[in-house]
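Look below for two forms of one protein chain, each set out as structure tokens: first structure 1, then structure 2.
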Structure 1
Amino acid sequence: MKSIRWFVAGFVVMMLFGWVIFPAILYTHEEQPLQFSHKVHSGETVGLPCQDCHRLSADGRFEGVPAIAKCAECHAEAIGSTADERLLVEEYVKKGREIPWLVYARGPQNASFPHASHLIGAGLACERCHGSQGTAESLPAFRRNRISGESQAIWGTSIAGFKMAEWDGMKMDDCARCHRERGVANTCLKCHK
């Protein structure tokens, strides 16, 4: 009886460590330099289309997160009265500094991802890969894997690798699976550089 109790106690401790404590210490918890609300900007208040800030240029390059010049179009002076907006105007717009955004989706340096092929070629929506970030009210904390240095968005939120949603996790396997389903050739140097 006693040995079973020890076994159960050890099992519980190890499970707790593996499933709760390890993931908590594996990832950092970094705040974005300032809060930004997609809901305000692409929702009813301002109503900017996504392409206004996340432009795909005609030569196929995706411009990603907009430069400070884009924000300055409207925020040359503070419009509202929030602390984040004041920070934006005082620290970045007036000083002409770029905001050091932490990009959740960005993969390792050796992988290359063409938005053009997926948005135009494959006709996919942003939500398929990014979830509801485009309508979110605030930016969540950025979580970096302390071992690999990559964003948590690559592996996904579940430490066991279960997909919590279709867009959760963007590992090589996740890219390749969709390509297989849609008959896109998976040769290494299509995605690697």
Structure 2
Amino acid sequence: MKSIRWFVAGFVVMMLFGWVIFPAILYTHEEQPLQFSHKVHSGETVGLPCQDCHRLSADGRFEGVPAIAKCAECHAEAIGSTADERLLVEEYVKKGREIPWLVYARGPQNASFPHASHLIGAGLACERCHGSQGTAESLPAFRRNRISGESQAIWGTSIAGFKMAEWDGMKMDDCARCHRERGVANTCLKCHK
């Protein structure tokens, strides 16, 4: 009976370490260079669609985070009164410096994700993979895996692999599952070049 109690106690401690303590140690928390409200830009205040800033190039490649020139179209001078907007205008727009954003969805270098075929060809909404980020009031902290250097957004919030939402995680398994559900072929060379 005593050995069963020790086993259960050891099991509980190891599960606590593996699912709570280890993930807390594994990820760093880094703040973005400045705060940004997708809600203000994509909501009723400004009303920009995602593709206005995060666009596809003429050849169908995703351009990702917009260049400072895109921000300068509206923010040559401060429009609002926040410290982050003053920082945007004074340190980046007026100096022509790119903002060193920490990109949540940057995948491994050996994989490519063709946004055009998913957005245009399959008609998927940005929210399918990126969740409600387009309506967020502020940017969450960037959580970098200390071992791989990748964002936690790639792996998902649960270290055990339990998905909290459809868009929680952007691993190969997530892509393969989505392709299976939609009856789309999966071949290695579609994503790995």
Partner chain sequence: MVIDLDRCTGCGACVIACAVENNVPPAHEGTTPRTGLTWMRVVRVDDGRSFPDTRSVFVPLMCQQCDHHTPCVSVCPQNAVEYDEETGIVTQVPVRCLGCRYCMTACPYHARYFNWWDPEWPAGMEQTLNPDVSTRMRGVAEKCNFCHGRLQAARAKAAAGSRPLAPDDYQPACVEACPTEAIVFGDLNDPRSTVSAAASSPDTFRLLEHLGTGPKVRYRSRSAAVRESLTRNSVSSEKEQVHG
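Residue numbering: sequential along structure 1, first residue numbered 1. Definition used throughout: the rigid core is the maximal C-alpha set that superposes within 1.5 Å between two forms. Note that the structure is predicted; figures quoted are calculated from it, not measured.
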Inset, instruction - Report the structure number, 1 or 2, for the form predicted on its own. - result: 2
Legend entry - Displaced residue check between structures 1 and 2: residue 25, CA, 2 Å or over, core reference: no
Inset, instruction - Once both forms sit on the same core, give the Cα displacement of residue 6 between structures 1 and 2 in angstrom. - result: 5.1
